[in-house]
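Single chain ahead, written as C-alpha cells, the form predicted alone.
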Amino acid sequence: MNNQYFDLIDQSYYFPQDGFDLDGEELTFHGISLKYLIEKYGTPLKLTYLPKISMQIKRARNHFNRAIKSLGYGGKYHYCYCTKSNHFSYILDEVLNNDVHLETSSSFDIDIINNLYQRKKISKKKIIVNNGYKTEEYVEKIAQLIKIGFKNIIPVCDNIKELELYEKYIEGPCKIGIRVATEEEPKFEFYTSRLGIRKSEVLSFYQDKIANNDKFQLKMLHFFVDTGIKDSIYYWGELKKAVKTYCELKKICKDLKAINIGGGMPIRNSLGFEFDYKGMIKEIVSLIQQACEEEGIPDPDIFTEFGKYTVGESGATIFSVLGQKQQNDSELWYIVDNSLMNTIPDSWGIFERFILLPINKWKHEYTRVNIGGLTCDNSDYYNSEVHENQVMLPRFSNEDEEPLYIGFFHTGAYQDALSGFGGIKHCLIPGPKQVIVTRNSKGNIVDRLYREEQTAADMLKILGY
C-alpha cells in the first residue's frame, strides 16, 4: 500500500483540479509557485489572486444569462458585489473591472462608494443597493449620494420605521426596496430572521406608507436565506414564499420591477466539493418564471449579491510548521507560525472549513495531525476537514533542513474583516504580510507586497505605550 501524501490525494480525489496542481513535489495555486512566494516573502502570508475574482463573476453571469435565454425569461440579470465580504480597494478595483453593481451594509460603506466615484471607478449610473439596519448617519449619507446625482440608489427597508428616516433626509424622488424576513432552518435558535419585514406586513406597509407617497417608488423586493443557496426543501420553500410575495406586490405596484435573491452561492471548501451551479441557477430562474406566469405578471429582473462567492476562492493563507509535539499516543500536533484564531477566525468562530494542503513534501508519508496556533488559547487549533473528522498531512522531522509549509485555501472572504486588519490581535500575535498576485497583459504572473507583517511598534502605539 502506498502511504505517500500524494497517493492519499490521488486516490481520494480528482487531482489536479481547478486551481491546484503540482510542480514536481510542490503545490501550485492557479499556476502560481507558492514555494517561490514563500522564498521571496516568507511566512506567514496572506495571498490574493485577483484574476479568480473576475472568473467567478463571469461564471455566474454566464449561467444566469444562459438560463434566461434558454427559458425565454422576460427579465434581466444584475450581478451585485457584497462589499462587506472584502472591502480592500484592490478587490473593488478588480470587481468593478467586470461592470457589476454594488451592495452596501453600513454607513462607512457609503464612504467607499464616494471614494470609488472620486477615483472614477464608478459613475452616477451605478446601481447601489443599500442593505442593513439603517442608522441616521447611514441614511444621511445615502441621501447625499442621491442629492449629488446618483440615480440608481436603492435603499432597502429593513423595518417599517426606517421609512421615516428616508422621509426626513431624502429630498427628491427615490427608488426603494423592501426586505422580506425569511423563516430560519429548524436547527436555528430562533424561527424568523431579525432582518427584514414580516411577510404578513409587507403588503399593508406598501399600501399604507408607500403607494400614495410621491417621493418613493418601490422597485425591488429583497429576499435572502442566511444558510445560502442550496438544493434543499428549506431553500426552495423560502424562495417560493418570496416569489409569491413579489407577485402579490406586483399586482398592486406597477413600479415594482426586480426581485433580489441575495447571496449565498457556495464555494469550494474541499477537494471533493461538488455543486451544480448551472443546474441550480436554471432552476431558480425557472421557478420565478413559472410563478409569475401562473399569476399573470411580467418576469422581474433578478438581482444577486454575491460576496463570498466573488472573492472567497481568490484567497490563501500560508504558514510554516515550526515544530511538532506528540502529546499522547494518538495526538500529534503541528505548530504553525501564527494564530489560526487571528488569521482565519471563521475556522473557530463558526467552524468553517477550508481546503487545507501542504505546499511541499508531497512524497513524504502522511499522518493524522492536529494543527495548533501560537496563542495560549485552547481554541487555537484546526483538526477536522469538511469531509472527515481528521486532518492528514505529510510527516516530517524537526531536523529536516526545509520546514513543512501548509496552506489554507479559499480564505478570501470575511477573514480580515472579522479578525481586524492591522489592529490588536489575540496574544499580540502580529497580522501576517499580505501579497497580491495578478497577471499582466501578456498573461505573466505579477506579485507585489501589499503590507508588511505587523510590528511590535504598530501594536504598542495602539495600546498607548
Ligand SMILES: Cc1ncc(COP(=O)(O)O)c(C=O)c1O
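All of these numbers come straight from a predicted model, not from anything done at the bench. Residue indices: 1-based, along the sequence shown.
The discussion below concerns the form predicted together with the named molecule, not included here.
For the chain shown here without its partner, which stretch in 328 to 336, 119 to 127, 259 to 267, 203 to 211 has non-hydrogen atoms within 4.5 angstroms of the named molecule in the model of the complex?
Comparing against the named molecule in the model of the complex, the contact stretch is 259 to 267.
With the partner left out of view, is Lys199 within 4.5 angstroms of the named molecule in the model of the complex by any non-hydrogen atom?
Residue-level check for Lys199: no, no contact with the named molecule.
Answer yes if any heavy atom of Asn131 is within 4.5 Å of a heavy atom of the named molecule in the model of the complex; otherwise answer no.
It does: once the named molecule is placed as it appears in the model of the complex, Asn131 has a heavy atom within 4.5 Å of it.
Lys308 versus the named molecule, in the model of the complex: is there a non-hydrogen atom within 4.5 Å?
Yes, Lys308 lies within 4.5 Å of the named molecule in the model of the complex.
Taking 4.5 angstroms as the cut-off for heavy atoms, does Tyr414 touch the named molecule in the model of the complex?
Yes, Tyr414 is a contact residue.
To verify the annotation, which of these, Lys175, Lys84, Lys76, His364, has a non-hydrogen atom within 4.5 Å of the named molecule in the model of the complex?
After the contact test, the surviving option is Lys84.
Give me the residue from Tyr166, Phe303, Tyr138, Phe224 that has a heavy atom within 4.5 Å of the named molecule in the model of the complex.
Here the answer is residue option Phe224.
So which bits of 90 to 114 sit within 4.5 Å of the named molecule in the model of the complex, heavy atoms only?
The stretch 90 to 114, when checked against the named molecule in the model of the complex, contributes only Glu103 at the 4.5 Å heavy-atom cut-off.
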